[in-house]
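Here we start with a single chain on its own, the form predicted alone, put down as structure tokens.
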């Protein structure tokens, strides 16, 4: 075991992989030039259209031990990954790795196939029951949690090899031109699939809406696609929206949103050219709503909004408060419709959005980002992966990516949840290092990193409840008491990769 720079113990080797401990957000450099995919030749008259997923699997020559991927733009409405894993089982394939852009709660259907050995590892963030069972030691399936930018990096460098990418294509023609803005399963941006299409060894477009050539607009072109399969349905786009993508209404959340908005205004960043990203949580969306009003009152014209796009950002674009939306994933159907018709609403890949190993990711141009947390600590480290139970229940998303890139990274969270303090002496799991976090906002106070001396002075001048984070921690624990520490076994069940591929933390099996 070795300790990384944040004091977390990291195994030197995990399941045959040598690990690099996290050192800082910037110093690790790529060791390879780039991943490539095999070249093929397509002759006139060749058909890419295949009759079934099974035939596509056969044509890709998938074998035991290989990796597959899908994208998660349909979120909890997706059926493709579940359908694919069932087919792998019927065909007798085993020891397959899932390297999708995310695994959601709907994918709990694959648990029996993990138990059977069809799936033996997951190279992506996982939400819900699968991750919980792995944390309990009830499911043997090692997980490597990556941010959106980190996953794009791992594919671009070849650290993760995808042998076959099965891309849900809401609108597709027989040559493989596809988009996500038309069809019964329209999900909007295919930002995650764009990276798979570039680097996977084989790419299969799976569609429930086969249209006459050429499908337009083209998000992923025919030159990137090996095969096309038509199925009855890709899923339910209405389930793109979840309870985490609705505006908060409770008074505490709205107070947090008001304080966060005041912090942005006090920073001096809210002016013409302002660039902004919010998370998908209700409090973050309430901040977006208040920023919209501030921009309207001040006649401020921003430059861009980015990340996962919601209807709140669409309204700001259409009313002229942003010039452009950079969209890696649509979070509601209003965003899907906007991407279809508005030229200022631009689909971008996860790599362009946040891959730290390229010549300039969009997150580096952000003025401000609003992020959530399950826990924060007195060193401003943030946890979004594990709950107070110690169970791994959430993926990283773009959390650490946007925090690293933005001029002002604000974390919004209630001061306590169910009598558990949100501010801890040390978080259970580090997702985002404190050195990339600037402000923590709760309904009981605002904590600002020491490097922002001028911002602290301005918040005091405005008579906002500025608090030292260590004193705030003591204040909250006087109310809640000090929580009983979760006990863990030595066994590491998941790695938390920082965006550059170093290991910022691990998740150990919870002692029951």
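Positions refer to the first chain, counted from 1. All values reported here derive from a predicted model rather than from experimental measurement.
One more form of this protein, predicted in complex with a further copy of the same chain, exists but is not displayed; see below.
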Query raised in the report: Can you pick the one in 428, 175, 207, 267 that has a heavy atom within 4.5 Å of a further copy of the same chain in the model of the complex?
Result: 175
Query raised in the report: Using a 4.5 Å cut on heavy atoms, which of 201, 86, 121, 94 is close to a further copy of the same chain in the model of the complex?
Result: 201
Query raised in the report: Using 4.5 Å between non-hydrogen atoms, is residue 47 touching a further copy of the same chain in the model of the complex?
Result: no
Query raised in the report: Is there a heavy atom of residue 25 no more than 4.5 Å from a heavy atom of a further copy of the same chain in the model of the complex?
Result: yes
Query raised in the report: Is there a non-hydrogen atom of residue 323 within 4.5 angstroms of a non-hydrogen atom of a further copy of the same chain in the model of the complex?
Result: yes
Query raised in the report: Taking the shortest heavy atom distance, is residue 157 within 4.5 Å of a further copy of the same chain in the model of the complex?
Result: yes
Query raised in the report: So which of 324-332, 412-420, 309-317, 131-139 is the stretch with heavy atoms within 4.5 Å of a further copy of the same chain in the model of the complex?
Result: 324-332
Report task. Quick one: name the residues from 344-366 with any non-hydrogen atom within 4.5 angstroms of a further copy of the same chain in the model of the complex. Result -> 346, 352, 356, 357, 358, 359, 360, 361, 362, 364, 365
